[in-house]
Ligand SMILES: Nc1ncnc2c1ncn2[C@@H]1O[C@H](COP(=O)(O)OP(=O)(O)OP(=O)(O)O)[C@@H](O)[C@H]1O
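Okay, so here's just one chain, in structure tokens, the form predicted on its own.
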Amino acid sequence: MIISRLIVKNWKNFKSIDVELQERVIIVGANASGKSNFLDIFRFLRDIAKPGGGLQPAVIEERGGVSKIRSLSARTNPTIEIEVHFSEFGTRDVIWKYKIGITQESRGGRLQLIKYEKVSDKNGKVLFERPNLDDEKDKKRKTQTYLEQINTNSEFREIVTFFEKTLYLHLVPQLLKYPRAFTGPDLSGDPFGRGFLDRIAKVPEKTRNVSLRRVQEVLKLAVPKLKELKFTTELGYPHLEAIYEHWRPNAGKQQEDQFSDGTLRMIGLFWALQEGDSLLLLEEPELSLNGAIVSKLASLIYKLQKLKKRQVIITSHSSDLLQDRGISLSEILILEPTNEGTVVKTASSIKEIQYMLDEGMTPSEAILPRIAPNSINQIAFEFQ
């Protein structure tokens, strides 16, 4: 199952979004245009639906309250609204629609409240619509969504499972190398990879070994002299161990704290592509990687996601990644900041870009100059 259409109002950078999404989505835009905030829409729905989650912690604990989420461009309608359409992988037929509107009490405890919530199935049948009579009788009911209530979501549990299994990855190599050097509680969902090795350790041994062998074979093509990648434990702590070809026997062993940042990011990326089958969110997967490797990422992701029938949404600044002529313009979302918030456009809706591709340009050549800041050429003169 994939998200085939996203409609949003008053979310952070965005006053309004209405876009169709493909199985593979690549989001591009200038710095601070809202790429991470776009991904956070899906993380927010995950934080509501996951066990132990819910609307209140997703809004207050994870994001600092409605006032931190609501777009600065919101005026007459301050409600935060999200509508998601679902389709099966490879089709555009809508099988589910989920809608939610969120606001905040104007006085009192300033609780986050459901303004409305609605689910309909593939036949257009409305399974429920809120607020209902019970909600009006007991206002506290509006502090929880039906996504987080087991006794109310049985008819659309498929949506709940999809949201709660959403995986976000923006692996920070230093957190993986030195996890015990960074104190404090882990962030929800471990987005930066501090507990990455613990996640690998929890996978059954047979499955873990198969997945690591796949990662190993891809790494061999990208990392010179790599011979073997293994999972080990030492004094109760999990480790990755790489063995490199070396003239001295057993001298070519390294653990993760000796890996390069690029090697660790590749391991995290290739593992995540095999981990689960729900929505995968990748934040700038090209970081620390050689350009030649990055140029193959889009096609590699496509091959792996097709096997899993899994949707992958990627943010990127990389010209190397967008050199791939196999990327369709319908897969690329362009974020353009305006005075009324960031506008989201599908690249295929922009005639000039389509014309450039017809003339032989790559997606990178047609799109990246469009999103570059207008005054970027002046940056070198600012320090003279």
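Since we're looking at a predicted model, the values are computed, not measured. For every residue, the number given is its place in the sequence shown, counted from 1.
There is also a form predicted together with the ligand; it is not shown, and the following applies to it.
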Candidate from 126, 307, 133, 72 lying within 4.5 Å of the ligand in the predicted complex - any heavy atom = 72
Work out which of 16, 364, 13, 22 lies within 4.5 Å of the ligand in the predicted complex, going by heavy atoms.
-> 13
Consider residue 68 of the chain shown here, and say whether it contacts the ligand in the predicted complex, taking contact as heavy atoms within 4.5 Å.
-> yes
Might residue 55 be said to contact the ligand in the predicted complex, defining contact as any heavy atom within 4.5 Å?
-> no
Within a 4.5 Å heavy atom cut-off, is residue 37 in contact with the ligand in the predicted complex?
-> yes
In the predicted complex, does residue 31 have a heavy atom within 4.5 Å of the ligand?
-> yes
Choose one stretch from 318 to 326, 23 to 31, 46 to 54, 353 to 361: the one whose residues place a heavy atom within 4.5 angstroms of the ligand in the predicted complex.
-> 23 to 31
Residues from 270 to 287 in contact with the ligand (non-hydrogen atom within 4.5 Å) in the predicted complex | 284
